[in-house]
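Next up is one chain by itself, shown in structure tokens, the form predicted alone.
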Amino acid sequence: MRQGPLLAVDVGNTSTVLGLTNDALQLTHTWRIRTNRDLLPDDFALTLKGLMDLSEVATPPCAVLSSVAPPVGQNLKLALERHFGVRTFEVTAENLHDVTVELDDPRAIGADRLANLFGAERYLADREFVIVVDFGTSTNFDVIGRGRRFLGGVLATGAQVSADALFARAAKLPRVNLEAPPSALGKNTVHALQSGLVFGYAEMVDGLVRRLKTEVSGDALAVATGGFSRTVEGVCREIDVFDDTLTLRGLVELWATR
């Protein structure tokens, strides 16, 4: 088992989440910044230095990075290596040899989904399968089996993307916060919109989780992560566990065991 400290970086389409571990590879600090495709390596170096200085921590010697936004991932890696001398391991399907990706084209799997595979391992102790529901720009449903098997999944439009599309097409509708209203039956426009966007989205999630559970051959646990997951906590009935750090922890465990 490798030792830390380590910087874990998960670059998503909307936000980038970073986590710093201690020597025992336990997460001690996390940060969330906007994913900006226009930033260059020097810009990212300034951002990273600012985060470390604000938290009064030193830059670690190693990093592990997953990215679904290639320009951002590459520029972040350059910033870490060029300005801080941080050895950076970038996650791809090709450099993880103990993982089985059961897709038509295994190379098509996103690096974040590979991180989720490792993050889900702790929930496989007494279950055959884990369904990871990752709420981001898109909502990914990843079916993970014992032995580091990625069986497949579902890609759905993210809740905020759905809301933005609605507001763009219906100019008279007010923009509302994505939070659960007091009841499904809305008595005003704001509550009616929140009911559709939150309760309606939760029903879609529950329906897909139920469908996936019927298609696997054993007991499955549903675990939610990602920015929108806490909004639907207590609303989604099919989610068993909410784990905010699943992806970051998966990156740490991936790095430690490779």
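On a predicted model such as this, the values are computed, not experimentally measured, just so you know. The numbering used is simple: start at 1 and walk along the sequence shown.
The same protein also has a form predicted together with a small molecule, omitted here; what follows describes it.
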Which of 123-131, 179-187, 71-79, 106-114 lies within 4.5 Å of the small molecule in the predicted complex, heavy atoms considered? The stretch 106-114
Heavy atom distance at most 4.5 Å to the small molecule in the predicted complex, all of Gly19, Cys62 and Thr88: no
Contact between Asn13 and the small molecule in the predicted complex at 4.5 Å, heavy atoms? yes
Would Gly145 count as touching the small molecule in the predicted complex under a 4.5 Å heavy atom rule? no
The small molecule contact in the predicted complex: Ser138, any heavy atom under 4.5 Å: yes
Taking heavy atoms and a 4.5 Å cut-off, does Ala165 contact the small molecule in the predicted complex? no
